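Read the single chain below, which is given as structure tokens and is the form predicted alone.
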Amino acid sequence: MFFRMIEKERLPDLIRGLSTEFEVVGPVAKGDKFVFAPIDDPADMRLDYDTTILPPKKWFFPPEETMMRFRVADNEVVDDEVYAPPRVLFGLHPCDINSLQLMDNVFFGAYIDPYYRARRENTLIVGLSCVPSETCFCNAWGTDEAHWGFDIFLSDVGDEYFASIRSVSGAELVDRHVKTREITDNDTRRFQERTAAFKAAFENHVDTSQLPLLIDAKFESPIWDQLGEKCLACGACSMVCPTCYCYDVHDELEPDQTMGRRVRTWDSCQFKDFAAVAHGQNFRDSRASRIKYRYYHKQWGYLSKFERVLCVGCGRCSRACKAGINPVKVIEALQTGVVS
């Protein structure tokens, strides 16, 4: 990795240059919120955003996608191409960069997902420093920093960006499209001061010490029944989560029933029929069991396999849950025995 300084007023040059080679996707305003969307004009990009409604995973693992098309008569696949144009995801915060690495563990596992892989391998990542919001708790998991998983990372140090360049592709793009200068000792000092101010700005300080042991010991706790009473089973937490990867697959036929397509859609462990099987059996019929296993998977099951929890503290679920359930409150409830 090497470093360069980029004047803020020159950043549009980089974005316009990237647009000549890639589809550029970045944060834009949607009412009083933000989403990741294709960028036509650098002026549309809102680098002062807090958190987007949906995470960047949608650009690798869409909410709905056609996996293949087939002919009914002979059940022959006639189209299984993956749409994966060259793309740059611009302005990802550290938590979202870390979330993609957690997703990689799943989709690049023993059975590689070709749809996810095609998009992931054809996408460059430009990260961006941020300011913690009231719902952020990425500091609890160490995901408030990104040490890898990006091609370029831009840290705001006033009138310039301290650019960390990790890949050869990132270096070539910077050299081609924007004027930079070498860093000085003063630049490094400004970067360190910015990092210290960022660490001090967090409002949430969650105690996650011994959490795997605690959550395992509380398996039969009445806390889960109390949370189940509050939960609406709407699945909003899963839909906005940057690390939830459950999906459903079904076939759809054309009206003339000669052709069809296989479709993959996001699913949620909070839906009542998620664990339903034949003969009307449902292994997680109660809301309490579903919310319990959601947290056991994220804070214990995934950890036992990959040595990291399946949460990056982005706070999207805190914003989306109408019942006020979120990881911070659940962890506090496990520690105190009181559901707030």
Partner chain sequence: MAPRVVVLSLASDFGCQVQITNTEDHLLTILGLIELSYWQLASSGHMPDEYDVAIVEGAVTTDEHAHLLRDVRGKAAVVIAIGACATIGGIPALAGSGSLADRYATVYGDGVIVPAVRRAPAPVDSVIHVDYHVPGCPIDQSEFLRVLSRVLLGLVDHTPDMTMCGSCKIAENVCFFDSGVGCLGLVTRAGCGAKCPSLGRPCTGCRGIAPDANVVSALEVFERAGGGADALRSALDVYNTASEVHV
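Residue numbers count along the first chain shown, from 1. Being a predicted model, the structure only gives us computed values, none of them experimental.
One more form of this protein should be noted, the form predicted in complex with its partner chain, which is absent from this view; the next part is about it.
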| query | finding |
| --- | --- |
| Contact test, all of Thr20, Tyr49 and Ala197, partner its partner chain in the model of the complex, heavy atom 4.5 Å | no |
| Partner contact for Val131 in the model of the complex: its partner chain, 4.5 angstroms, heavy atom | no |
| is_contact(Gly228, its partner chain) in the model of the complex, heavy atom dist at most 4.5 Å | yes |
| 4.5 angstroms heavy atom contact with its partner chain in the model of the complex for Asp207 | no |
| 4.5 Å heavy atom contact, Ala201 to its partner chain in the model of the complex | no |
| Stretch from 133-141, 154-162, 229-237, 185-193 whose residues place a heavy atom within 4.5 Å of its partner chain in the model of the complex | 229-237 |
| Its partner chain in the model of the complex - contacting residues of 250-268, heavy atom within 4.5 Å | Glu252, Leu253, Pro255, Asp256, Gln257, Trp266 |
